[in-house]
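Below sits a lone chain in structure tokens, taken as the form predicted alone.
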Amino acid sequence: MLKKYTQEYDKALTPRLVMEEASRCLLCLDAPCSAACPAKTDPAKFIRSVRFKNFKGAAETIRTNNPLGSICARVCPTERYCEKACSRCGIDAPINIGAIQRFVTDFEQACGMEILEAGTPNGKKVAIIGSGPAGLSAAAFLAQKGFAAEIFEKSEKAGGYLRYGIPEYRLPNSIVDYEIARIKKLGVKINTNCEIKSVAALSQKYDAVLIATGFSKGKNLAMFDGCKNVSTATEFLKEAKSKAGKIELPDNVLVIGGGDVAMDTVTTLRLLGVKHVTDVVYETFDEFRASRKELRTSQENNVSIIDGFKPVAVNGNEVSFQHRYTGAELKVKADIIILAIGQENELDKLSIPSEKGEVKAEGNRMGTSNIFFAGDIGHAEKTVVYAVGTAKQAAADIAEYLGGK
């Protein structure tokens, strides 16, 4: 089963299938798919290039707009964005944009293409706290504008949630390493095992500071305080990926939660050989927050999903639930319990005011200071592609603030 966890679950399309998929494109003049991409990767343009077998041009389009193109091709919930807006939705089915993007970025990697270039140094230095998707993307955009971007990461390796959260079967660490190596070639310096204690002090040493720390801490419920057999999904996923799936697990695991992180958790458990995985979800299926793709993957791996129940009590290894609408009661026993009920930031450690997990500020800047922010802690959806989009805007704002172009 370990082999299944370490191999990509979704197989890449063959060149022939990619060409067939690209040929379905209607070549819209004002392509709605491009308008719907949070990172403005411009799928209409790169699909047009693929259609005419210009794979190099397609790769250039993706890279110049999205420095994490290989990653987004694998983990972006495209059914919410570009594919939802695809004009073919009204005819048959949307174009598989994610698969085409993956083919192009895989082609780029196989050919050793070097598309992005560092800009002429302008003498300005920018410190970035966090090496997740927002931090890495912002560093890439800033480096191309001539800024000296330096990342500070508290963990042993760079990548943030990309490395320590998204499972290997969805996003291999080899892809994360590939993207980071490309960004380093732009002159970006990455300091690991380096936790920042004072943003104010950092802002005195650098011309600007970007906070991109994300939502790294899993939420807990008070009723589970002190329970020895309870952990959070972020803790579990980090351990599983850090150890390449080589962890010991019991035969019976209960997961509470129904978002994408919960689906990653239950599928990971099954791929690592856990016989009985039960997922109890607060939302009913018509309210589900997880992407259809991740839900389908968990169902294909025979996860038992029970919807519409909220936890009301815990007694040792038994959790009691009550249905939100019918009042029905449910009790589930498990060897371990994993909470996948959301994440929260740790901005308090940086003395940054926040409200409902987001920075209390307008736009991407903290008032009139030289401190900016991007990613999950901003006012945006908590996805990798949105992190890239906010990083692009934050980099542009920093450049404008420091007098760049």
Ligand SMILES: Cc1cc2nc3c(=O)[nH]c(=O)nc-3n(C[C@H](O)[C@H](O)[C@H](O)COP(=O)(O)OP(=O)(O)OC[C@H]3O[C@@H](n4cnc5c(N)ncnc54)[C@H](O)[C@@H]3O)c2cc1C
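Computed from a predicted model, the values in this text were never measured in an experiment. Sequential numbering from 1, following the sequence displayed.
The discussion below concerns the form predicted together with this ligand, not included here.
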Item to complete: Specify the contacting stretch among 303 to 311, 316 to 324, 257 to 265, 273 to 281, defined as having any heavy atom within 4.5 Å of this ligand in the predicted complex.
Response: 257 to 265
Worksheet item: Check Phe147, Gly389 and Ala399: does every one of them have a heavy atom within 4.5 Å of this ligand in the predicted complex?
Response: no
Worksheet item: Though this ligand is not shown, can you say which of Arg289, Lys184, Lys124, Lys154 has a heavy atom within 4.5 Å of it in the predicted complex?
Response: Lys154
Item to complete: Name the residue from Ala208, Ala240, Val188, Ile129 that puts a heavy atom within 4.5 Å of this ligand in the predicted complex.
Response: Ile129
Worksheet item: Is Phe103 close enough to this ligand in the predicted complex to count, meaning some heavy atom within 4.5 Å?
Response: no
Worksheet item: Does at least one non-hydrogen atom of Ala138 fall within 4.5 angstroms of this ligand in the predicted complex?
Response: no
Discussion item. So, Ile115 and this ligand: in the predicted complex, are they within 4.5 Å at any heavy atom pair?
Written reply: no
Worksheet item: Is Pro67 close enough to this ligand in the predicted complex to count, meaning some heavy atom within 4.5 Å?
Response: no
Practice prompt. Sequence order please: the residues of 205 to 222 with a heavy atom within 4.5 Å of this ligand in the predicted complex.
Written response: Ala212, Thr213, Gly214, Phe215, Ser216
